[in-house]
Every structure is written in structure tokens, then in C-alpha cells.
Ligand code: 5RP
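The chain below stands alone and is given as C-alpha cells, in the form predicted alone.
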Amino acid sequence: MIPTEVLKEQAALAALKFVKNGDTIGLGTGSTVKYAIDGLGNNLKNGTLSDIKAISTSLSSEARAKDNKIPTTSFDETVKLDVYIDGADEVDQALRLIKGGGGALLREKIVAQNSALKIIIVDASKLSERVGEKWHLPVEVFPLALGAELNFLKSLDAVARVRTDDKGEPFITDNGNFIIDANFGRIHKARKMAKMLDARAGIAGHGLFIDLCDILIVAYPNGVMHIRKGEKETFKNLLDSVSPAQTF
């Protein structure tokens, strides 16, 4: 078995070939993206990459980018990003994603929606036939609406709980909001679910990402595979080839 951290690094480094000199990049958040940020920093240092700027999706990613001497920018200065690189907690054969395990889902969606090329990097453990079978759906809510949205999610038959931090206190996002983790099981009507959540005034954002992945890069024990939108058979064959021990 190849250690998961090695697979994460392989997927992250494979994404760097899509970054060109002069690009403006969206940097995601999480345990896989950190390898991409470090890789970009190394490429800048050794001169194989130049004149890039980045918008980060969290304070932690921004700090890592600064540590790697990656110049930063903002949407006040940049209208459209060239490339967005991020991980996912779960991805299915339609390249629908569940994101937000790290709590940065709202900023991640903003950056993804404003990027020309969206690349998602994962190890094989993140693959599933349908989103929701392995991961709960993070929902970011405004403090005023916490109780109301918790009840709303439960009315949809979700097992819902407020996320807490290591001290047992409510987890606070970089935006000052709470996160409810809602377990729906397999989400069979993902687009309908997204519209329902988007319509709620008390919900700042949710971790269901639809049509926000152009290229999925998967690292698995036999190598690294690139899957583009519509390549369901390729995805299915890869999922079938990976043992349950490697995907859970």
C-alpha cells in the first residue's frame, strides 16, 4: 500500500503542469492542496515558473502561499483566474463534489466560479459512485440562522450537527459563520438539493459543487489519472479497480 500522503502529493504535483508563466491562480484549502502550494513555491524558486499571482481560499492557504513567496492578489485587481487547484472530500462519476471538510467551502466556491480552468486533485479514497455515500455535506450558516437552518436540514431527513473544534466549541469559519454537517446519505438529486440550499437566506454557502470541475486528477496505487467531464466510463473503471481498503 502506498501511503495516502504520497498519493496526495503525486496528485498535487501533477496539477502543476497546467500552470503557465503569467497565470493568476486560485489556491484551495486542505491537506492535498498544501503540496500544490509548496510545489508552486519550489517552481518559482528554481526558475521554472515566473510572474504568477494567487488568490487563496483561506487564511491558512494564504499563509502557506506567503511562506512560499507566492505573490498574492484579489478580485479587486483580477477579474478572472486562469487556473483553480483544489482538493475535494468526495467526488462522483459526474464530477460532482462535496467540499468543506476544512471549513473553507464558501471562499472555495467563489474562487472556483471565477476561474477559467478548474482542477480537482484527490487520492483514490475520495472516489464514490454518488456524492453523499462517504461524506456528509457541510453547510455554512449565518450565526443568526443557526437554529433555523439546523431544523430545516433535519426536516429534509438529514442527520445534522453543528461542527465543533478541538476544544468542543462551535467551529467558526474565516467568514465568522458556523458549519452544520448534514448527512443525507447518497444525494440522488444533487442539482435540486443545491437549489434548495441556495434559496435559504440563512445559508451562506454549501459544500455541494456542481459543474465546478473540469479536470479531476486522481492518484492511486498504480499511478496518476486525469479524468475530464463526461468520462464516466473511465471514472467507473478506476473506481472498480481500487479495492475497498484503498477507497475508504
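Computed from a predicted model, the values in this text were never measured in an experiment. Residue numbers here begin at 1 and follow the sequence given.
One more form of this protein, predicted together with ribulose-5-phosphate, exists but is not displayed; see below.
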- Query: Taking 30, 88 and 99 together, does each of them reach ribulose-5-phosphate in the model of the complex with some heavy atom inside 4.5 Å?
  - Reply: yes
- Answer key, ribulose-5-phosphate contact in the model of the complex at 4.5 Å (heavy atoms) among 105, 119, 111, 153: the residue is 105
- Message: Which is the contacting stretch out of 196-204, 45-53, 30-38, 182-190, given heavy atoms within 4.5 Å of ribulose-5-phosphate in the model of the complex?
- Response: 30-38
- Message: Quick check on residue 126: any heavy atom within 4.5 Å of ribulose-5-phosphate in the model of the complex?
- Response: yes
